[in-house]
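Coming up is one lone chain in structure tokens, specifically the form predicted alone.
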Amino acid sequence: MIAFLARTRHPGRTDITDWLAWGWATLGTLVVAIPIAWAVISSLKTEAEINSFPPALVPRAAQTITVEGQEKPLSVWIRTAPDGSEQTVALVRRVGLSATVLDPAKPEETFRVPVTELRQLKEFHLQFSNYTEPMKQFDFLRYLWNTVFVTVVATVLTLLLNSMAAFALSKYRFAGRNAMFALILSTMMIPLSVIMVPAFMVIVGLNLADNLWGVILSTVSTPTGVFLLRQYMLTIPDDLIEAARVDAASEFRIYWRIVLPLCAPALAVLAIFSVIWRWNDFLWPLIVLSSPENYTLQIGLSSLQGQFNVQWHYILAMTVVTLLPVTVVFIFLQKYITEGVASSGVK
């Protein structure tokens, strides 16, 4: 890995181009990685620590102590007196700029001090309940299952339907083939806001409103997928298909047993794109779905943001959960991306 990253344009020496390439690569990596790393770290912080300023890099929580006569554990603070001496105290309550504290060694005596004399003690702490509590309180396991179901089924149907269309447009000659392909590509220029209302009316007419199938079936055919697979299938020799026909292979068998296996790199690229599209889709599920039991993860995340209160500790934790499946898919299929995209542009 180190040898790969340290490659130069001219073996044995470096020039300004190599330094610029390393600089841009490092800058791009930092721009992408720092927000993700910050989200992961913040997802393990307490709600108070997330809202504190200045923010801390390491997840911490206030030290607490159990004091006799107090119902709940009290936070531990260091009081710096005007003469410079320091004393460990426990905070009972705070009102404005004044705080009521006590000495843990003498819990029966309380006294008031200015908050400017207090400095809170914190310790390293990982708040794993940020991940478990939403699963219990907001039924995020149900949202996760709905998202997995929509993503997997929609991806399978996308690969099947788009590959069939690409096979017909690349290996069959019929009148209007190029015009049909151009019409399919032209739909890429139509924004979702234009077809949103007609598409929803179709979903309602099919009685698929507030149904996961209404989210799936309306997005399985994509012009991007047809274009990607068609361009890749053009690289498959026609003689191979003619030989299969001579051997009495049916058209479906040629498609299923010959064309699809040869298109594995392009299919992998389309699968990655499809998983990312469906997993991160927010607007269309929000329009189609209305019952909480049918929500996907993205809609579930938005439900944690209220008008007067935003539960950032839960939002960050569930955002990390939503990132994991897409990251795993990308890691296992990334070797096909370059090959699939590059080959799709070669006729």
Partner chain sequence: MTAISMKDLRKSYGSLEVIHGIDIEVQSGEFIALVGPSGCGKSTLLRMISGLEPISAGQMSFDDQRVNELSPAQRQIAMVFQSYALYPHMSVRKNLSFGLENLRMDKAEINRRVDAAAKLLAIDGYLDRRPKALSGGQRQRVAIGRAIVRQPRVFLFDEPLSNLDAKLRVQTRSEITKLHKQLKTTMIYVTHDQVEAMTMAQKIVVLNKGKVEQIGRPLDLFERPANLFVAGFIGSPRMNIYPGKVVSTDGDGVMLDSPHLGRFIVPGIGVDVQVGNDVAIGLRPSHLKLGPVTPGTGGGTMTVEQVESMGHETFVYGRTSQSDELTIVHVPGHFEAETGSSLTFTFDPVFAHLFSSADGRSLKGARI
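Numbering follows the first chain given and starts at 1. Please read all numbers here as calculations on a predicted model, not as lab measurements.
There is another form of the same protein, the form predicted in complex with its partner chain; it is not shown, and what comes next is about it.
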{"item": "Candidate stretches 95-103, 67-75, 249-257, 111-119 - the one whose heavy atoms come within 4.5 Å of its partner chain in the predicted complex", "value": "249-257"}
{"item": "Close approach of L141 to its partner chain in the predicted complex, 4.5 Å, heavy atom", "value": "no"}
{"item": "Heavy atom of L212 within 4.5 Å of its partner chain in the predicted complex", "value": "no"}
{"item": "Residue contact check: E86 to its partner chain in the predicted complex, 4.5 Å heavy atom", "value": "no"}
{"item": "Partner contact for R245 in the predicted complex: its partner chain, 4.5 angstroms, heavy atom", "value": "yes"}
{"item": "Answer option from L262, A268, V153, M135, heavy atom within 4.5 Å of its partner chain in the predicted complex", "value": "L262"}
